[in-house]
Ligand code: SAM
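Starting off, we have a lone chain in the form predicted alone, written out as structure tokens.
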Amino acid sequence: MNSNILVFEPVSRTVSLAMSLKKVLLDVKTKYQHVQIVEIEEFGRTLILDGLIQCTEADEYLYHESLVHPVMITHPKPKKVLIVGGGDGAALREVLKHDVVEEVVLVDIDGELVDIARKYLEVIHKGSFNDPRSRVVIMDGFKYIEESNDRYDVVILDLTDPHGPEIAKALYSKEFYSKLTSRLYGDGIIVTQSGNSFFFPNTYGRTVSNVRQVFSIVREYSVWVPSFGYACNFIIASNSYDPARLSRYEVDERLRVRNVSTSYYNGEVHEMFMRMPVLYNRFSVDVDR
């Protein structure tokens, strides 16, 4: 029987998605954000940060496979990978599927969130934190990029939305992307989730502009995430590799050789990603802030 209590997911500044709540497992405030772990009808276990759904048991694979695998497959041999954000461990899980990976560093500002994820989100992270190739650093992502001397083949920015909480705003700036190049090998490649272009065209447009001022190859794509109530946009950027140049056959072969198993992403999906238009809403109430 459905619950009478509803969870409202803000889709935009004027639109919300209503879902039936089954159970609240945790409701706390860390030093940085409000964290809730709940059970939602039709979506299962769910992580909510500052009132915005970050991932659900039912559909997180759509987001995380789309975030991780296009950039990982585009790089011919991604041995060292950096994830900024991603405290739930799901992006880490997907990266570790690639058997060419030797080291993954996950940097998240909120150590309390990572501890919560370890305890409550095993169904999502699948024990990825315990993989010997993974290392967790509790630190501000911007500061890590400034102070670290390490370099990476792939950098994955698994952040809260650019139109969401203040905690991640600086990680969508031109300054941050410029500093990020010093953490990449010469043929390195990055991907960032970038919110939604349809409901937040100005915010999204600024993010794309910032990326284009730093990288010569920039590709945009999106995937529908039911629990978000919209299609989530992603941006891949590099000065060496173009994901649009890979055929479906090359993608499928790299997945096969690396022993990567997916539920959604494959060569056909990759080609679709590279061809899809970016959607904007001319009636959007997104405003510059």
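One rule holds for the numbers: they count along the sequence shown, beginning at 1. In this text the structure is predicted, and so the values were computed from the model without any measurement.
The same protein also has a form predicted in complex with the ligand, omitted here; what follows describes it.
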None of Leu184, Ala168, Val104, Ile124 but one has a heavy atom within 4.5 Å of the ligand in the predicted bound form; the exception is Ala168
Please pick out the stretch from 137-145, 96-104, 198-206, 214-222 that is in contact with the ligand in the predicted bound form, where contact means heavy atoms within 4.5 Å.
137-145
Taking heavy atoms and a 4.5 Å cut-off, does Tyr63 contact the ligand in the predicted bound form?
yes
Proximity of Phe228 to the ligand in the predicted bound form, heavy atoms at 4.5 Å
yes
Closest heavy atom of Asp153 to the ligand in the predicted bound form, within 4.5 Å or not?
no
Hey, in the predicted bound form, does Thr46 get a heavy atom within 4.5 angstroms of the ligand?
no
Which residues, if any, of 231-252 lie within 4.5 Å of the ligand in the predicted bound form when only heavy atoms count?
none
